[in-house]
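Consider the single chain below, provided in structure tokens and representing the form predicted on its own.
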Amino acid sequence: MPDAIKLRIKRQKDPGSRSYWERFTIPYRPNMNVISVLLEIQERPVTAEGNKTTPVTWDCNCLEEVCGACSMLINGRARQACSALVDQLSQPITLEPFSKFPCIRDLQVDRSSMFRNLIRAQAWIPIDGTYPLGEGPRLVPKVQEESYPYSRCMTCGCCLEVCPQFMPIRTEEDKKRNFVGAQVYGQVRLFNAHPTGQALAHERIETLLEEGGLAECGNAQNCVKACPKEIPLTDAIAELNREAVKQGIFGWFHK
């Protein structure tokens, strides 16, 4: 059992600053996760060399791997800080922000591009709430069972961090890139399978036929390996490719 926990943290003061590394040593306690380690540094922001510094900035919310906010690179692996237990990590523990998203400060990044792509793909059920809908359509158990894993997506960004097709976003010009990534594919698969969501199924597939859609997926399959919720993203990509081919062929015949 170690006496102390040693860390290396990649830091950045603001989006326009250069990154730098700081080392920290904090007392060991059993059953700590990375968030509890960061809280210790926040309470006493002193480097391993004994120099006073600023508290480390990061995002977190639920602390039970549901919200996806605490995504970061931990020992080089894209994962959630709340579920990363210190006792299961080799030391020194290395913490870095995701490289594919703009760094706001330290370990906090801007994942808003993920939400913009969800809007682009109309990843929602088209219900405006202006009139009562009753109990809604029934889903057969088979469809429920197949769809449930996709509902677990927490927009954490792990799938995009490991995707070779998703390029880093650092400038305004980078934001114009259109590749939507696996998280959008999973949500399109989820909502297209819902009886009410099927009203927009055609439009969602049309979006994925545009630039930045399914054609730009290199099928590296890193996304399904990195997903902390074990969402079958490659299954979604395969299913959507079949639907896109059918829609493309029938659309061509109707021209």
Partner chain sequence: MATPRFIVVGGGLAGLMATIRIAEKGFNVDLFSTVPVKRSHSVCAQGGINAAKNLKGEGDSIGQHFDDTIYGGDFLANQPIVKRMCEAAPGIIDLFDRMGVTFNRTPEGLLDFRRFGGTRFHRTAFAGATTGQQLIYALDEQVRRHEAAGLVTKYEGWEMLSGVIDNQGIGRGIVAMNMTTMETKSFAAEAAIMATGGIGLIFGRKSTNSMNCTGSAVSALYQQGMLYANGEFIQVHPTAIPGEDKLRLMSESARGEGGRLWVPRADKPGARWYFLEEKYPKYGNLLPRDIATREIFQLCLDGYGVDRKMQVYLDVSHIPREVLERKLEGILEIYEKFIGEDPHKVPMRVFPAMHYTMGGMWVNGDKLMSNIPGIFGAGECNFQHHGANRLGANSLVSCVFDGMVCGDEALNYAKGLKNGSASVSSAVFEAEVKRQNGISEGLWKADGKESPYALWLEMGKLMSENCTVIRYNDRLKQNQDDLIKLQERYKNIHLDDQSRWSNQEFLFARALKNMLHLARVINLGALLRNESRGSHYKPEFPERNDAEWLKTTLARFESGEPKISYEPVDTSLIPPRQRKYD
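Positions refer to the first chain, counted from 1. Nothing here was measured: the structure is a model prediction, and the numbers come from that model.
There is another form of the same protein, the form predicted in complex with the partner chain; it is not shown, and what comes next is about it.
- Contact annotation: P30 falls within 4.5 Å of the partner chain in the predicted bound form, judged by heavy atom distances.
- In the predicted bound form, the partner chain lies within 4.5 Å of some heavy atom of I127.
- Although the partner is absent from this view, H194 contacts the partner chain in the predicted bound form, with a non-hydrogen atom inside 4.5 angstroms.
- Heavy atoms of R170 never reach within 4.5 Å of the partner chain in the predicted bound form, leaving it off the interface.
- Heavy atoms of every residue among V56, G136 and P228 are located within 4.5 Å of the partner chain in the predicted bound form.
- Using a 4.5 Å cut-off on any heavy atom, the residues of 32 to 54 that reach the partner chain in the predicted bound form are, in sequence order, M32, N33, I35, S36, L39, Q42, E43, P45, K52, T53, T54.
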